[in-house]
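Here you get one chain, nothing else, as structure tokens; it is the form predicted on its own.
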């Protein structure tokens, strides 16, 4: 599909917060984008749900339509930008555009997580392309770094603060001494929380992004059902204080790791203890961060705004520029750093780390011995113990740090503790990052 030598016309589906940012800067920064792209990037149509809705960005007359398929199937719009959200309709639009040989730019991490394998196969079959910088970590150019700058590297591990809302909540709890519920209400009032709150609070948004990072660096699609996904609802203000006392901060971390002598692949999203002397520990508020451990380049830390109109629009515009530069190239953009033989998934017995456990227990003699016994029977040794008073007179809080153990052993111990009548159901288990 060949555009004119002077311009590329874009069909934009979705004109919400990010879509309006893209539309605004395509117009306001047209000259700069033309210099970067080598062609003028021009909006050729914008699909919206409600034509009567008032918007903050003015568009030339006649661009708006309520029919996304009109843009998908228009041969004069070789570049489709999907910013509508959801998965089923975007899946259909994207698949059809790729069958027509178009290039699709998207910020839709859920779409790619659920249907990426199918969509990239369609792109390969029909000569289409998918660019998705905005789908991971907002304005941080992590995909470009992984795809281009680290092309000669083998990536052993990625650790990411990938959800700005959860990071904002943990930061406000720690810095302002507020409970999870209090900060959640503030986050809702500021519009930081998705309509589907489980995406932010239960780790699913970060999980979608972690899946994409795994595919980019390891060449394997992993379903979210095959990885550990835990959110921040169990994190209490006391946990943040205990962690700080021990030299850590708690962050929601998406991890992609090669583990064990066989180098198998482990993915997870969960609250984790991060050492205070690392850059990840200093990333606060709505900021995101990605740490990449590459064998040639060494450790790299990328930090920036992970969401919002301008950072996400910046990433979308970068993909539009990259697409424009590729029109006359016979060499398509590489989509990942896939090794020839993607690694198998690691079993829990192959995954090792130290752990933090905060337990609420009956305040009587012998309980600590019972807890230690459950851990010992699972093959876990205790590195340190704190005991603190609990709100109730007959309860106490135990905080334990373990030595390195397997995830399988930790799962066994947690099952035993959960079944112990002396241990309440208000507990938290976190890996400790080394």
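Residue numbers count along the first chain shown, from 1. Keep in mind that what you see is a predicted model, and the values were worked out from it rather than measured.
What comes next is about the form predicted together with a small molecule, which is not displayed.
> In the predicted bound form, does every one of 202, 232 and 239 come within 4.5 Å of the small molecule, counting any heavy atom?
Looking in the predicted bound form, the three residues 202, 232 and 239 all stay beyond 4.5 Å of the small molecule (heavy atoms).
> My question is simply whether residue 104 lines the interface with the small molecule in the predicted bound form - judged by any non-hydrogen atom within 4.5 Å.
Because no heavy atom of residue 104 falls inside 4.5 Å of the small molecule in the predicted bound form, the answer is no.
> Would residue 207 show up as a contact with the small molecule in the predicted bound form if we use heavy atoms at 4.5 Å?
Residue 207: no contact with the small molecule in the predicted bound form.
> Applying a 4.5 Å heavy atom distance criterion, does residue 94 contact the small molecule in the predicted bound form?
Although the small molecule is absent here, residue 94 would stay clear of it in the predicted bound form, with no heavy atoms inside 4.5 Å.
> Mark residue 109 yes when one of its heavy atoms lies within 4.5 Å of a heavy atom of the small molecule in the predicted bound form, and no otherwise.
Yes, residue 109 is a contact residue.
> To verify the annotation, which of these, 314, 268, 272, 165, has a non-hydrogen atom within 4.5 Å of the small molecule in the predicted bound form?
Selected residue: 165.
> Consider the chain as shown here, without its partner, and state which of 174, 156, 350, 194 has a heavy atom within 4.5 Å of the small molecule in the predicted bound form.
It is 194 that has a heavy atom within 4.5 Å of the partner.
> Heavy atoms, 4.5 Å, the small molecule in the predicted bound form: which of 115-123, 304-312, 210-218, 354-362 makes the cut? Say which one.
It is 304-312 that comes within 4.5 Å of the partner.
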